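The chain below stands alone, shown as structure tokens; this is the form predicted on its own.
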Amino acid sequence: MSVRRSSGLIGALALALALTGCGSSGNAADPAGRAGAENRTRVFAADNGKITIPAAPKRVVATGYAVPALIEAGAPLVGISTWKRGEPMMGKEALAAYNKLPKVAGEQATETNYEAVAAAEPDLIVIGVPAPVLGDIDVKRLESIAPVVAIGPTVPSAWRDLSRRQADAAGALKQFDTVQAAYEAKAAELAKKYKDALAPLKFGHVGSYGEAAKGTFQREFSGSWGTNVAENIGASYYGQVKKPGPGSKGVSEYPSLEELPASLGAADAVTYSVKADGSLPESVKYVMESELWKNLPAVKAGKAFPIRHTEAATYGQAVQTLEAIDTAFAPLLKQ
């Protein structure tokens, strides 16, 4: 065997290994490797089964939670759903890209414009909605346009794995990894900064999805939207849902306002969700205007802290959450 031929075989083996990485199962459609790189495929494990997708997608349509994740990862997007809830957390460049991309679906899965998806000529469609919502989408019709991978949210803290899988499917892990590394470095820096201040404290959190009209508030526990990023720097949230359900219902509940002292009376400190501009959501304002809130031991001790960007669902957005937490917790360093 000549040296030249050995080098070729080594190169082919390296390429095959690269294509079978990241949880995929190789080039099932082209086992002989005769097709060009642009035609290579791999099998990807998604919520809707094992799907054969392009190894290097060139034209991707994204919906739901996949929208902010794939914009941030620099995926080759040609169409997206609207994602208004995430606009306040998008950076300048991400928001510019979001505004520029054609919209092929609305905020709801039922608002999918199948003609617009087809007109975008995607070679991959990434759906980022919860599994129960998939029933609102004509997946078979989308599959007639391009391979469809559904990668939807489960519990709030799962955004880390969720966004990574979406970026992996879209062939955009390189930029994803860079942003993730920046988040982890920032979290480690803040964990060190607040180690002594946070260690003795038992936290509770009031989220923004209570309903003042019904007289309820949202108590969030470990792993919920309002708590999972703060936990990365050492904040400890006590308690658990009394009657856990699927998804976010496993990490948050909606007691009546009268139950506030029983729910948060044992907390040494309380965090609460605010809007991106720092203003109070109506549901949180309802809680904070009550005497029950003002008489909580944590509030009377001056240990109630607002946190912005609690709905972060990408590493880039979560860096903003870390910065907001750093600002909110700064008084703890003086106590």
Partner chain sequence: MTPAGRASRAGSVRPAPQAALLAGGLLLLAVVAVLSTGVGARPVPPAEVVRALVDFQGTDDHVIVRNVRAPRALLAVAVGAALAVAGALIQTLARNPLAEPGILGVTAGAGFAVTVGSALGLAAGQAGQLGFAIAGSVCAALLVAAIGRTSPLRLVLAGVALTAVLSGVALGMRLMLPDVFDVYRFWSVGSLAAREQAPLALPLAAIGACLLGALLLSRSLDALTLGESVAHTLGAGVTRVRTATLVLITVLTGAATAVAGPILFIGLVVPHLVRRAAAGSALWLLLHAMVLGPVLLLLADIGSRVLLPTGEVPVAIVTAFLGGPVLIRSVRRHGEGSL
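Predicted, not measured: the structure shown is a model, and the values here were computed from it. Residue numbers count along the first chain shown, from 1.
This protein has a second form, the form predicted together with the partner chain, left out of what is shown; the following refers to that one.
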Checked E111, D177, D138, E189 for heavy atoms within 4.5 Å of the partner chain in the model of the complex; positive is E111
Assert contact residue (the partner chain, in the model of the complex, non-hydrogen atom within 4.5 Å, options A56, L280, L292, A266) equals L292
TL;DR on 213-221, 93-101, 123-131, 75-83: the one with heavy atoms within 4.5 Å of the partner chain in the model of the complex is 213-221
Would you please decide whether E259 lies within 4.5 angstroms of the partner chain in the model of the complex, comparing each non-hydrogen atom pair? yes
Original post:
Taking 4.5 angstroms as the cut-off for heavy atoms, does Y286 touch the partner chain in the model of the complex?
Top reply: yes
